[in-house]
Each structure stands twice: as structure tokens, then as C-alpha cells.
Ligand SMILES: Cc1cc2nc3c(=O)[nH]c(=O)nc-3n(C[C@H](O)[C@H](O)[C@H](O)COP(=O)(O)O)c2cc1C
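Here we start with a single chain on its own, the form predicted on its own, put down as C-alpha cells.
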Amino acid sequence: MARVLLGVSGGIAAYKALELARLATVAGHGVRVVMTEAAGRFVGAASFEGIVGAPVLKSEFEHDPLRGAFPGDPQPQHDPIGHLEVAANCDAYLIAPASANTLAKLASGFADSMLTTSFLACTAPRLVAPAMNDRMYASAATQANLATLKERGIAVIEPDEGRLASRGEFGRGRLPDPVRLLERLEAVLPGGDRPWDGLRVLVTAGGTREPIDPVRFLGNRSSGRMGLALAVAAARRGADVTLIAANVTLQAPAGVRRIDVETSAQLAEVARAQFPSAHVLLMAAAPADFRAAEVASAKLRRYDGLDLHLEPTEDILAGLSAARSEDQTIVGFAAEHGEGGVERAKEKLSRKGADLIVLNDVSDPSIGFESADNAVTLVDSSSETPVPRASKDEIADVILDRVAALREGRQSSQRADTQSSP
């Protein structure tokens, strides 16, 4: 995979960098860590070394036992200049957390530590994730420093808003969750030989809202978590991902193009426009089956009563399937309740013209919808494969593995037909 250089500057958020290092290592990346002296007051070098399996670099004057190499790489025969070699070998350099003091040094071109000298010498994509008190973050000096870094092509991962380290304080300045940081980092890494490089994937997520009046709507409980997990998993495999998000409040993954919609009609319109260029459609959104036949122009009053007439919405998945090309793979989702779900999923597979149906039994309130976990059954023309309860991220990878197998099987069949033709 990739070689990631992680810089850690002083701040209480340094503890999150440990989890980021762990996640990056688990994802298969080789990680080296550079720390400032102040960072060592918050988290120890030994913790990082135990996670990444490589010595932490704290001074440009100390000897690097790996001679600038990353875990899994051969060491050079000579003993190079440490801050130059580790920077030259990395595929991306992320400083997280980036304190106000460190940002000021980077913007001014200071080279007074292992972190700042290696940053100056690095020609790979560079990212900074500011983390500090909200007043420090909002100060004119910090904002000017961030603007300078952006002008130089350095990616700035904006901090989150929430509770801060100072007791009772709330504001913008929190370091984002390590999962988000890894997503942003992986979005700038070179593609290499990722299996879905060149593949275009269209993902729909969330639930539509069909208006009754300017205030009320018909909707469902879909949060969009499964769709976002699929988008993340596809992007990690190298795909060019477009996400159509129906009323999704969750943040879109880094490196994914997002188009927001509200109603089934809007979802259908955008999907029709995006579908022809896609190789894979993952229809994880939950479009409403019905909408109000007439939408009131003003808010309906309680004491006027309500006689609501419904009409069916467009069958988006069936419509897209009817216009598919030979190279496209279509995955539908079915939220079923209780017994008979597999049989109904098989019928939907045929009726919708899909290659795969992901069956989700929503009778179990502990999974699906707003939950971080799910348990599904993958139904295609020849098999039914139960996938036991796991995180939606893990479920997403299982689904994409099946998509890859379906596409490979189809391509193998086409090659065989071509070879047997006279």
C-alpha cells in the first residue's frame, strides 16, 4: 500500500493520532511518525512505535535506525540525511494535530524541528489538521496562516465543532475523528494498483421526502449510513465515486463527489443523468413508494382535517435497469420485515432487472437504519448468501467483493464466448 508520514504536534488532541496511526496501519499502509518536543508532553513515542512498528523521529539530529525507510521497505545501504530521506520516501504527509504554533511555523517556512524540516523537504501531497481552542482557531493570525498554506497547495482538514478540552467550552477547534482523517489522507494517495482504478461507481443513499405541504412530508428512517459506507469502500478500491444523497445529514467521505436531492423525482432525475457513465450502480437509497397527489401551497391546519390521496412514485431502479448497457452492474437493496424476505428479494431481483439484491431484515431494531451495524443476505440469480451482523463498513466490503466477483464472472463468460466464435 502507501507510505504515510504522520506528524504530531503538541496538543491534547495528540491522543487521537494514536488511533489514526493504528487505522492507517490496519489498512495496510506503512507509517512513520514525526513528533515535536511538545507532542511528547501529551503522548509517548513508545505508543506510536508499538502501533506502527517503526521508530519515532523527534529530532533532525538523531540517527534513524531505518535510514528513512518505511515498514516493509528495504533500507538504503548508505546512511542518508534523516529529515530529507523520510520526506522523500513518503506518499503523503499529514500533520494531525497541527497546533496554532506549528501552523505559524509552516506558513513562515521555519525549519527548527524534525517535523518542520521534513515538511519543507516533502514534495508529496501535504495535509494539516488544525486542532486548538476555538478562539485561537478563529484568530486573524491563524486564519491568515491557513490561507497561506492553502495558497501553496497544502490541504487543510477543517476542525469539527463541539466540546473542547477546556472545561465548559464549546466551539470549532476539535480534531476530526481518526476515521475521517484517514479518509482524507487516502483520498490524496497515489492510486497504485488498486483493483477498481478506472471504475466509475454511482451510489445512492438516504431516504426521500415527499412533501404534503410546505412543512410536512412523507418519509422514512433511512440515515444513509449504508450508502456512505459503500461510497467509502468503493473509493478505497480506487473507483471514481459519485454519491446521490437524499436528505443525508452525515458528512460525505473525502474524494467522493456528492449531489444532494430531496424527493424521489429529484433522485430519479439525477440518477438518470449519472447512470449512463457508471460501471456499477449501488442503489442503497430508500425512495418513497408513494407521494401526495396534490401538495398544499400553505401549511395545513390541524382543525381543517386531512384527506390525503397518494399516488405511486417512479420505480427508479427498474427504469435504470431497462436502460442499462452490457458492461453495467446493478445492485438493489430491499428492506423487508420478517419471514418470506428472501422470496420477496428473489422476486425483486427479477422484476427490477438487477444483478444483486442486498436484503436487510428491518424487523430487528438493533440493526439497519440509524444503527452502525447491519446483517444482510446477498441474493443473486444463483445463490443466497447470509452475511452475519457486522459494522456497515465491513458489510460494504462484502457487498463490493460480490460485485467484483459478478463482474469478473461476466467478463470471463464474454471472453469464452469470443474465443469459441468462428
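All residue numbers are counted from 1 along the displayed sequence. Here the structure is a predicted model, which is why all the values come from computation and not from measurement.
From this point on, the text means the form predicted together with the ligand, which you will not see here.
Screening 129-137, 221-229, 195-203, 262-270 for residues having heavy atoms within 4.5 Å of the ligand in the predicted complex returns a single hit, 129-137. Of the residues Ala390, Val362, Ala45, Ala38, just one reaches the ligand in the predicted complex with a heavy atom at 4.5 Å or closer; this is Ala38.
In terms of contact with the ligand in the predicted complex, the residue from Ser321, Thr242, Ser99, Asn145 that brings a heavy atom within 4.5 Å is Ser99. At a distance threshold of 4.5 angstroms between non-hydrogen atoms, Ile12 is in contact with the ligand in the predicted complex.
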